[in-house]
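Next comes just one chain, in structure tokens: the form predicted on its own.
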Amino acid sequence: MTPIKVMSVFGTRPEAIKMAPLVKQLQSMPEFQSICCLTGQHREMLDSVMEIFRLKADYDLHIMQARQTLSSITSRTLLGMEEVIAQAKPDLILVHGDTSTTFAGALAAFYHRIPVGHVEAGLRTWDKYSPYPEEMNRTLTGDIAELHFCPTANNRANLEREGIRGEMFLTGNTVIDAMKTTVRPDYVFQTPELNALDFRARRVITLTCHRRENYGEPMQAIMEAVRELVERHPEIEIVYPVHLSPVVRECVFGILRDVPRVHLIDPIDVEEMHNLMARSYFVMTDSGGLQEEAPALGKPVLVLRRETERPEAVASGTVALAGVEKANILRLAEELLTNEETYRRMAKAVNPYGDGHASERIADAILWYFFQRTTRPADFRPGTYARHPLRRRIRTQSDQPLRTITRACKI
């Protein structure tokens, strides 16, 4: 039987992290011919993920430009995909999530009448400008796609409420699959500043903040809250891999430069980030991916946004929505630092995002769609354990054992 040609299209680091285990799953199965197409929306950060997961691109559009705009990303991806699709002639194009690459890749597939599979489908805030432009990217991609791979039941319900057409599959999130590769108890950091930290003696907090809707006053309030938190609590250290955006760096360095125990470092690769979070006390972030990853490590998360398209973790108790107001961020962070019961409750809350087998379910769904499997694959069922290789425990500040991903994924 002729293998199914599946082209995976992605261009940013978050997409690459979550698509890597799926690409590797497809490569391992004789029923598929896996084709990998990069847009290069992010360049250096994307390349590091490809290296970590030992993936090689079949096509690379190299679209990245200095101070690129949303319009340039979308138009250059559309034009680049013309030639790639003509050469590769895929049977199915997979896109991930909610980036400009996602929408442009799906639109290019539609123009060529090629079915689209949307990985991480169904996330919604119901506000088209928050997150911007992600909310509209994923909504428009959902209208185009014929296969919708939903991480959670709530995501699937969102699509059903919208009357989205096509086949919907409940798969779990592929990022949990990826963490089987990246998180290791014997990991040695490549970043000197991270190797110098004493994770047992200090309470290390991982911080990220980069979303466009937080530019300006919200980001300034977040940075001021971080500065005051460090001043109030001499036992903590903040590690902040600062996004390369000039807007972000101007704000961050303007407020936090030279603040004692705040480590402003350049962006780090996925292995460094996952292992940093695994050894941290808790996480403060406006990132969507970290909201899914940190709970798998048993780490409380404060979301530095007004809303989240990932309400499952808020409902389960492992994530708290801190907003962008200085007073509220300080209140919630200090609650985690001073109230052991609050911390324990969040750290031990269940992770609703997957069991490490999302990529297998997606591959099986594709086989079913192309009539190479007689039964529709079963949905991801919360309450199952992941069969992760990470069995040993990582010791943290208080020398309390970190829950392994295996334990964290019982939901």
Ligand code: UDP
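Values in this document were obtained by computation on a predicted structure and should not be read as measured data. Residue indices: 1-based, along the sequence shown.
The following text describes the form predicted together with uridine-5'-diphosphate (UDP), which does not appear among the structures shown.
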Requested in this report: May I ask you to choose, among P115, G323, G298, G289, the residue with a heavy atom within 4.5 Å of uridine-5'-diphosphate (UDP) in the predicted bound form?
Outcome: G289
Report summary line: With the partner omitted here, the residue among H210, H263, R203, R279 that in the predicted bound form has a heavy atom within 4.5 Å of uridine-5'-diphosphate (UDP) is H210
Query raised in the report: Counting only non-hydrogen atoms, which stretch in 263-271, 147-155, 82-90, 329-337 is within 4.5 Å of uridine-5'-diphosphate (UDP) in the predicted bound form?
Result: 263-271
**Report entry** 4.5 angstroms heavy atom contact with uridine-5'-diphosphate (UDP) in the predicted bound form for A20
**Finding:** no
Requested in this report: Would you check, heavy atoms only and a 4.5 Å threshold, whether P241 touches uridine-5'-diphosphate (UDP) in the predicted bound form?
Outcome: yes
